[in-house]
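For reference, the chain that follows is the form predicted alone, supplied as structure tokens.
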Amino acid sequence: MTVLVLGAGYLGAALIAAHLQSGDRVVAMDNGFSTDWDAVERLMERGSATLVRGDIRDAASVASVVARAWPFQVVYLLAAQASARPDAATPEYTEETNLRGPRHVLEAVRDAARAAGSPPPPVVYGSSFHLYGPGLHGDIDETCPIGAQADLSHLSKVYAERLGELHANRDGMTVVPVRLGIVYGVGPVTKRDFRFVTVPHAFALRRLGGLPVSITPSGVRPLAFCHLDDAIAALRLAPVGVVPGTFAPANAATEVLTVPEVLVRVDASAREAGIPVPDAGVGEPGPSGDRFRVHSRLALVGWNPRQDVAGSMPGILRHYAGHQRTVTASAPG
């Protein structure tokens, strides 16, 4: 089996590792924007893999890597400017990557399939559970409406999904967005830059570095989380059972927590590891009001997530503590 992975960062590298472990051939492309290139190159040595430096903002680069990988059984579109922080990238970079990039990918896959006279392989898109917006309650499945968005990065997911739906309806493409919760856990490329890490990782880095921790008032709102291993399993299962030529989103979120509850779990693991945790500012569980419940169609094809934040924090803390570089008070965030 051959797979094309566009975006070899935190998610993409873990996905590549999983496919190589299964004996698959992998062709991957990344532009190195926020990725440890050396780590990805080392990863690609584990099996039949090709790493291309290219950018989904450039249609020619996308067409070239599609031709190089062809024929492939699935393409994973994970290349994106994923951070909501204004200092992570310029608005122009986010728009060009997250809006123009998906169009280039969908068009290149469609055109390659037409030229070969074969059905286009499924495009699995790394979307976000944030698509549903804030203030969720009750049961959330894939039929729930899209909600309000608060930043360009997540707003772009709405466009990319609608673009995928357009190509499914118009061109007979199979487009499978996976609406991921906030992903955490240690993988082949685990970032340390505060602009590009999620809440569990940011809290772990701050406790290890003796940096202050603050929680905004909106932090008491329940959020959906998903461990990296479970996210990779969801991405791989997403095309299974999907009718060819359709648009088929899938939820991949396994745990609903408030930000203070995440901090409670981080601090519990930090204390067990002997990491100083100040008495002032220690996380409180937060209100136990109505929590939404996540349902996923992937349960019907064998997705069985097993990880949670509490059980994962010791490993995350050990990973960061094992690096020589330390977090300093000048770190952003």
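The structure displayed is predicted, hence computed values, not measured ones. Start at 1 and count along the sequence shown; that's the residue number.
The following text describes the form predicted in complex with a small molecule, which does not appear among the structures shown.
When the small molecule is considered in the model of the complex, Leu11 lines it closely, a heavy atom lying within 4.5 Å.
Residue contact with the small molecule in the model of the complex: Thr97 places a heavy atom within 4.5 Å of it.
In the model of the complex, the small molecule sits beyond 4.5 Å of every heavy atom of Arg206. The closest non-hydrogen atom of Thr174 lies beyond 4.5 Å of the small molecule in the model of the complex. Every residue in the set Ser34, Asp55 and Val183 has a non-hydrogen atom no more than 4.5 Å from the small molecule in the model of the complex. Here the chain stands alone, but in the model of the complex its contact with the small molecule, taken as any heavy atom within 4.5 Å, falls in 127-135 among 127-135, 238-246, 140-148, 102-110.
The partner is absent here; in the model of the complex, the one residue of Leu257, Ala168, Ala82, Val123 having a heavy atom within 4.5 Å of the small molecule is Ala82.
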